[in-house]
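Take a look at the structure tokens below, where one protein chain is shown in two forms, each on its own, as structure 1 and structure 2.
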Structure 1
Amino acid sequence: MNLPLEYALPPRHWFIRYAHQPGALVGLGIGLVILLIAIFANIIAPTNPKVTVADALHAPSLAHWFGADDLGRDTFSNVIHGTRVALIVGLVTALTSTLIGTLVGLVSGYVGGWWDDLLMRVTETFQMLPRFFLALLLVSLFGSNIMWVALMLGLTFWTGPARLLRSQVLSIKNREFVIAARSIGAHELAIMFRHVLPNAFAPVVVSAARQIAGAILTEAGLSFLGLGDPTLVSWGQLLNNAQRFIRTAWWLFVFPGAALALTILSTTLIADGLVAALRPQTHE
């Protein structure tokens, strides 16, 4: 079962094909910047995001580029620090869910039969769990630990990719090239990972990017309902706080919103680039 991961990747130069797409490069650029900002947030942010440094509801100025919130805390520093939580929530959730989802979807779709039944029942059961309630519960039980929240979101998010991949596999597994591979005596596992998975994977990549977005947005939604962790420096919390000042302090919701949009845009562009780059090259 332990096939090297490279097996799943199309043979040659997929990164060159990626680099040929300007949109994908822009996305990657933004993504890298965001990653750097997250890593060096302490250095980049001019002030501690949780410490009062200005008047309450200070409008954007040279000293405080993005203004300050109702407790006089620098919004720029908060937005900078918010990248960390966003990336943790997004990446951990997407990784967890894609990993589980891919395995389940592939086995379920390709092996079929009894396995398919079992795995799909499990998938359905997980789908039926009330995700929002689960999130509330986990926040209550595990407190402020954002890694936990992200992992748990991942554990509830994987059903999407699983079903997606299964449907792809179902439509691929009886195609000519798979049958051809089988007829020349290729090992079933090899067929699964070498021929079926790469050809079925594109929508899952899109879905993974979508899950980064989904996780960040779920955190924002929970925060909006007051179910998030208010002590966390996250864009969701900033937006949640901002809605009280939607009429009086525009900077509080414009900047975190923009940061959030940029991040999602970047993951989207990267995903699109990957889709094109990873397009199956079986016939070349």
Structure 2
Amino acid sequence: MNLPLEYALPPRHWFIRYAHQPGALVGLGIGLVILLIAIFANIIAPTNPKVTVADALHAPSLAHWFGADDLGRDTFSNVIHGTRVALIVGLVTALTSTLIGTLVGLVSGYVGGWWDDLLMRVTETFQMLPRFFLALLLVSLFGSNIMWVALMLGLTFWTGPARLLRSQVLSIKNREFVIAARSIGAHELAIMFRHVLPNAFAPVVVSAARQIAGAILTEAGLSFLGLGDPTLVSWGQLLNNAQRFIRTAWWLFVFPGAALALTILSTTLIADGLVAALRPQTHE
């Protein structure tokens, strides 16, 4: 069955649209570099981030590019390893929230009736709760293991994708190609997952890209408050340690802060690029 023209664009067209946006390409390039740094952190980092290798508060030099902290640990190595924590949290949170939000939004929008009312009331209840403080409560109750943190953040981020997908499903489920599929005897589950979901999913992809940035910032905030995984190095943890030396050791907060800002910038540019790339255009 042929899909409507505005929803039938192949991935090649999406990439062409994306490639015509310089900002989006810059964001993608930065993101790929950050991803490679996270994957090869053990190779790139010159020292173990938890081992003393220099004098306390050693200033940036050729031997230690980003200087050393108050315990003589190499700041460059710490920033490199913090990249891995940031991406794990961002990607796992986005995946978890997208899966939950997709299921809730698809069932709510397509099935309708009391299912729609029930699921939307649950969604609104979660939306009313302050996200950061809900994450703070969950981490305080269930521990600060990095995977637990990421999964719990996913449980607080799913409401956006759910409402986005529901609105898309409501606008698509009564279109001609859905009615045609139903008229030839297609099962309702097949219609939901083969016809409705693929055509409604583009805004959720953009939302997931934005949620990566939100999750990274939230994890950094939790770590800054001392609620991050104590066995791993995170940028929020580094910034927490740096606040005591803000007047005497500028490098302790500049480099982790710059890494955090660059990562957020990258995900934001990628998300903005996806908005333009996945926007339906009937004239193509």
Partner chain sequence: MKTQSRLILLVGIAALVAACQSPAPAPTAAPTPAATFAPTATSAPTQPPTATKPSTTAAPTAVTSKQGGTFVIVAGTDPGHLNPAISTSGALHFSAGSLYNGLVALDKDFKPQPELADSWMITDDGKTYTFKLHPGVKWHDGKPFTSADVKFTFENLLLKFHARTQTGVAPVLDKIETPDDLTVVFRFKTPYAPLLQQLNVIEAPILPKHVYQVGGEPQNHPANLKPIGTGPFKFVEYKKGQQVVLERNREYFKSGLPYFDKLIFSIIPDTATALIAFERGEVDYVSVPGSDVERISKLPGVIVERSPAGSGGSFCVQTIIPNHQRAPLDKLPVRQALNLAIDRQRMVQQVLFNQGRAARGPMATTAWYFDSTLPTFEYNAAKANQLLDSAGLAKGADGFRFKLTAVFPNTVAKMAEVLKENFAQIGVNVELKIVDFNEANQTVFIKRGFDLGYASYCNGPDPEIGVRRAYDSTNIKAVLFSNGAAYKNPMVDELFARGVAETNRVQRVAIYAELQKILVNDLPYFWLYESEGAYAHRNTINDVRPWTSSLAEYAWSSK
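By rigid core we mean the largest C-alpha set that fits within 1.5 Å across both forms. All residue numbers here refer to structure 1's sequence, counted from 1. Just so it is clear, the model here is predicted, and its values are computed rather than measured.
Matching the description of the form predicted in complex with its partner chain is structure 1; structure 2 comes from elsewhere.
Taking 2 Å as the criterion, F76 does not count as shifted between structure 1 and structure 2: its C-alpha moves by less than this amount when the rigid core is aligned. A movement of the C-alpha atom of L118 falling short of 2 angstroms is seen between structure 1 and structure 2 when the two forms are aligned on their rigid core.
Once both forms are fitted on their core, the CA shift for G154 between structure 1 and structure 2 remains under 2 Å. Superposing the rigid core and comparing between structure 1 and structure 2 gives a CA shift of 6.9 Å at F193.
We note a C-alpha movement of 3.7 Å at V107 between structure 1 and structure 2, with the rigid core held in register.
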